[in-house]
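A lone chain, given as structure tokens: the form predicted on its own.
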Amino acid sequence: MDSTFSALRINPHRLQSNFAALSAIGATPEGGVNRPALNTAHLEARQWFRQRAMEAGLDFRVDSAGNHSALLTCTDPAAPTLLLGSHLDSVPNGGRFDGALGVLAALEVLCTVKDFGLTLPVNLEAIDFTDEEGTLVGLLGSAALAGHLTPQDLQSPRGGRDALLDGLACAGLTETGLLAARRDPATLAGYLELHIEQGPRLIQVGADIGVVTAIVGIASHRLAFTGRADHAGTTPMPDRLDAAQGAAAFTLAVRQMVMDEFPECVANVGALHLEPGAFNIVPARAVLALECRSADPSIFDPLEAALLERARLEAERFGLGLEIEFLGKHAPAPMSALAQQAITEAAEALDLRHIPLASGAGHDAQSLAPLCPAGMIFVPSVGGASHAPREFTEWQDCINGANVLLHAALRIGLHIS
């Protein structure tokens, strides 16, 4: 890379000041943030992002999917755009770093390039995607931008149809707008995302930077084991069609089956509801939330199929019915060789220790991967904690990640020319 750029660094004081200001929006007493997509705090955070970008002399736009973007345009009207970003929404009672660090680092890259008066052959865009966390629809904004969002996704969203409609109304968005937000891939030079690892691997091996090789595929289903309500005191145990037994047996089987047959994968039963839900009534219905993940495309579909077949077997074993509702699926997404090379070279130029690793969590980068060169930069998570107020990354690691994002962006921008 040109020596003009080699000494370039982000402004760590400005980044930290912005981080502190953003962390105060939706702050919780435990030290985290509560900014589920399109709630009051999330909308306030997006307004803060707009104000901060405009104060920095950047252009700003909001697309029809509600994605918020700060823009630094170059002089060539035909130039493609290099997207940098993440998301400002959080899980309920989540942490300060997840998503937010990536948006603020992207904003800082634009400010740094502008401060130094650099001219690049690409436009730079710092983007905050709508509802990455899936409060309403997982990866909503990035899927809309990529053109992957379908009417069916909006009819049966993971968070419920009523919640989606209420959220869209609060943000002034429409379903028609969501489905019309697609960008032409020819206008995109690439996408880079800085994110905390949300796991322990970087700290375990003493690495500063993770160069993400792939993002896991995620499949979600709602399963309902159906039996018969009976008196819990007078119905003999062998005569019961107890829906809870099928659900419990399946939940235990999931863990062992994945560990034995799919050791590189994970699965989770994250919610369980029994009906009628009384002390003295045998449960007639047990509804659970099932999710599975794999970074390997050749294993992902067999994993999903094996889990659903095991649910059928457990239902049959206890004489129960089984209802399966498909809630959504994101295929495993390999990161581009160009992006991985740019991130690796940036880390080496900054004398930072780096390792390749797959992401066990879903990210907006997987929506962009089929459209343009997409890559992710991980920085260490203390204790591997995330989606909780104790989520924490040392500030020097945040600075390191932002500088890698800057230099990787410069490498991709100059490569495009």
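Since the structure is predicted, the reported quantities are computational estimates derived from the model, not experimental observations. Residue numbers run from 1 along the displayed sequence.
One more form of this protein should be noted, the form predicted together with a further copy of the same chain, which is absent from this view; the next part is about it.
The candidate spot formed by 204, 239 and 360 lies fully in contact with a further copy of the same chain in the predicted complex, as each residue has a heavy atom within 4.5 Å of it. Under a 4.5 angstroms non-hydrogen atom cutoff, a further copy of the same chain in the predicted complex has residue 290 among its neighbouring residues.
a further copy of the same chain in the predicted complex is not approached by residue 61, whose heavy atoms all lie more than 4.5 angstroms from it.
Contact annotation for residue 185: none of its heavy atoms lies within 4.5 Å of a further copy of the same chain in the predicted complex.
With a 4.5 Å cutoff on heavy atoms, residue 329 does not count as touching a further copy of the same chain in the predicted complex; it lies far away. Shown alone, this chain has one stretch from 138-146, 297-305, 262-270, 111-119 that lies within 4.5 Å of a further copy of the same chain in the predicted complex by heavy atoms: 262-270.
Residue in contact with a further copy of the same chain in the predicted complex (any heavy atom within 4.5 Å), chosen from 235, 226, 336, 156: 235.
The contact with a further copy of the same chain in the predicted complex, taken as any heavy atom within 4.5 Å, belongs to 200 out of 172, 200, 151, 160. Contacts with a further copy of the same chain in the predicted complex, taken as any heavy atom within 4.5 Å, map within 274-290 to 274, 277, 278, 279, 280, 281, 282, 283, 289, 290.
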